[in-house]
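There is one chain below, alone, in structure tokens, taken in the form predicted alone.
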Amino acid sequence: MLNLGVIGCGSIGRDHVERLTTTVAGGRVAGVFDVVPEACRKAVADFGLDAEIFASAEAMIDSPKIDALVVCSKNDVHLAPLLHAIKIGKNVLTEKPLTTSAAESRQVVEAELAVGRRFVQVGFNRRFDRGYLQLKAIADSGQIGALLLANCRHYNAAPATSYYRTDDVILDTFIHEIDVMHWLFGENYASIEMKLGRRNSLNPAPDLDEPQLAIIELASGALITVEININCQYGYDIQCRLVGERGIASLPDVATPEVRLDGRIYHAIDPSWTSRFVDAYNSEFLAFIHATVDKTPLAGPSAWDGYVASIAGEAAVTSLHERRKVDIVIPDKPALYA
């Protein structure tokens, strides 16, 4: 049984604690830390954990009682625990983004390169989603020809938190498409241009400018457009369509029962990301646990993937602020991540 230490007991942290306690086999929550101690106590009580509450992330990482880490803290405090875990040789599954800047993400990459082994798996869970895996198989098979275009939709009914900001739309939401489209196309980005749509009058947040539209050009000349809408009101709606030279592949809608009632035929839409990607979350944890227990290389999204997403995310933020197209420059991938 893998003893896991969870850093961060907020929304996503609690979700993962529950997952590890009730659903995913092979690991147990043996320790928790949060800058708000009450969040730890509540998680332990709510989920009936036999877990130690640590006074700091560093103490938990150093503890011989903890075999591996799960980082679910705020995005801007990922770096220190990641570097510390790599230093003492413990694997980490960190929520996305890897960090909030390309420079910090590069530090994580350099730390792994210095040791010569991967320790970090980034929580880009879409790579474990059945629909996206099917799209990847179709794209890689060549059956629809070379990819020419892609269109994506990332809609949330409402912001995840009351303090969601304009840049968060890119670095916390759009970051998923940045990673998964880079994976699906299998080539680097060349440039990005962000545009703001007409402001939704139902958007209550004064510091949240959206919806946003991303236009990405790849090295081959292929184009990707992504709509990011954080206040769509009706549910959590994820769409993806790949246009090839001789065919199209689209992400299937999640299967829900057809309801015929009051003169209507309809299918329910997932209200949130937790239900839409529950199977993908479970699969990414299973992959991380098995690789760590078996001492085999981590197979999920790497620190390099997180670094690439950070580079593109920073370019997107610059584009949004400066209202211009911005080049994306991605260095050569080190052999460790090949």
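Quick note: we count residues from 1 along the sequence shown, nothing fancier. As the structure is a computational prediction, the values presented were derived from the model and not from experiment.
As for the form predicted in complex with a further copy of the same chain, it is not shown, yet the points below apply to it.
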item: 151, 155 and 225 each touching a further copy of the same chain in the predicted complex (heavy atom, 4.5 Å); value: yes
item: Candidate stretches 34 to 42, 274 to 282, 59 to 67, 301 to 309 - the one whose heavy atoms come within 4.5 Å of a further copy of the same chain in the predicted complex; value: 274 to 282
item: Interface membership of residue 74, a further copy of the same chain in the predicted complex, 4.5 Å heavy atom rule; value: no
item: Contact test in the predicted complex: residue 211 vs a further copy of the same chain, heavy atoms, 4.5 Å; value: yes
item: 4.5 Å heavy atom contact, residue 196 and a further copy of the same chain in the predicted complex; value: yes
item: Residue 135: touches a further copy of the same chain in the predicted complex, heavy atom cutoff 4.5 angstroms; value: yes
item: Partner-contacting position among 166, 101, 250, 107 - heavy atom within 4.5 Å of a further copy of the same chain in the predicted complex; value: 250
item: Residues in 2 to 23 with any heavy atom within 4.5 Å of a further copy of the same chain in the predicted complex; value: 21, 22, 23
